[in-house]
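Below, in structure tokens: the form predicted alone, a single chain.
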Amino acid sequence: MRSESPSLPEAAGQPPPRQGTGVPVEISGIAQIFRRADLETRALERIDLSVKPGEFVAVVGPSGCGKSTLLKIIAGLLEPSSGTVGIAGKRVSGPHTDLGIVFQSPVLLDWRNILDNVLVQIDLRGGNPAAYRDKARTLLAKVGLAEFENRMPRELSGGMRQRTAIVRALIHEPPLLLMDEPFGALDALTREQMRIDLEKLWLERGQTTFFITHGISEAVALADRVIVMTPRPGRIERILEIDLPRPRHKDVITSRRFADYCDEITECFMRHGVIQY
């Protein structure tokens, strides 16, 4: 349990998320069983979760607990064994296109420069890429890539490629953003800067965000709520409301309150033997 600690000063410099730019997500009774020959794997078991419009939800859990499976079900890329997902009041029954997805690997096209990799999202949706070029440049500038729009993916670092992937996912202004371990392959310093950049973008745009991570501190630093999952079959062990001011600058992430939230999550994993000392 969190101990009493002095209140943190309200962080300044960024407005709260805009209201009405995100969509609600309703996850009801989701279970997933994978079968191969005579082998059965229960990946998820009875997942119930309501996500509010514009909310940033982080899901943290051990490898193999079904986090990525749940994200694919929300996106409509995988049909659940049981249960339903609703986005903006409509049941998901196939691939849902009014969203953005960022995976651990940026999956950029080697033969297109960075700007054109962002605009491929518009191409695939049947839009006019030329009408989005200025918006793409603005977004690239927000993540520190203003001078790299004409570079090829092979000329960029891993963090720069992943920034490109995030911009690509946001260029069409989706009301829902799904992120599956987007910073998992990055070094610690790049990962922290990406966390800062992502929070800035979310504060400006306010899309509903569903963020999967193995990082306990990363989840607390980013989320309004942290969903803690058990080992397989994945179930929701705990939901923590993160009452910390935004933006979450150094004074916030080095505070006692921040550490207490991380301790609560760590204790959950210790109870299940995921973390052992």
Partner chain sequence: MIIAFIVLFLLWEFAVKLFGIKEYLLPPPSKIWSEFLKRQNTVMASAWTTMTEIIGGYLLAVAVSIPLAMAIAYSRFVENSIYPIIVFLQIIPKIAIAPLFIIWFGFGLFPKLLIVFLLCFFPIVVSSVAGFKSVDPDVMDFARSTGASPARMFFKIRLPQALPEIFTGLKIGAALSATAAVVAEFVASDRGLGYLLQQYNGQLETPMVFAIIVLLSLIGLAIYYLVEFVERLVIPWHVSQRPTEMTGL
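Every value quoted in this text rests on a predicted model; they were computed, and no experiment measured them. Positions refer to the first chain, counted from 1.
There is another form of this protein, the form predicted together with its partner chain, and it is not shown here; the text below is about that form.
Q | Of 200, 72, 191, 133, the one that lies within 4.5 Å of its partner chain in the model of the complex (heavy atoms) | A | The option sitting close enough to the partner is 72.
Q) Which of 152, 92, 160, 140 has a heavy atom within 4.5 Å of its partner chain in the model of the complex? A) Here the answer is residue option 152.
Q: Specify the contacting stretch among 203-211, 98-106, 80-88, 140-148, defined as having any heavy atom within 4.5 Å of its partner chain in the model of the complex.
A: Selected stretch: 98-106.
Q | 4.5 angstroms heavy atom contact with its partner chain in the model of the complex for residue 120 | A | Output for residue 120 is yes: heavy atoms within 4.5 Å of its partner chain.
Q.
Please determine whether residue 196 contacts its partner chain in the model of the complex, using a 4.5 Å cut-off between heavy atoms.
A. No.
Q: Check whether residue 124 has any heavy atom within 4.5 Å of a heavy atom of its partner chain in the model of the complex, and answer yes or no.
A: Close contact exists here: in the model of the complex, residue 124 approaches its partner chain to within 4.5 Å, heavy atoms only.
**Q.** its partner chain in the model of the complex - contacting residues of 167-186, heavy atom within 4.5 Å
**A.** Contacting residue: only 168.
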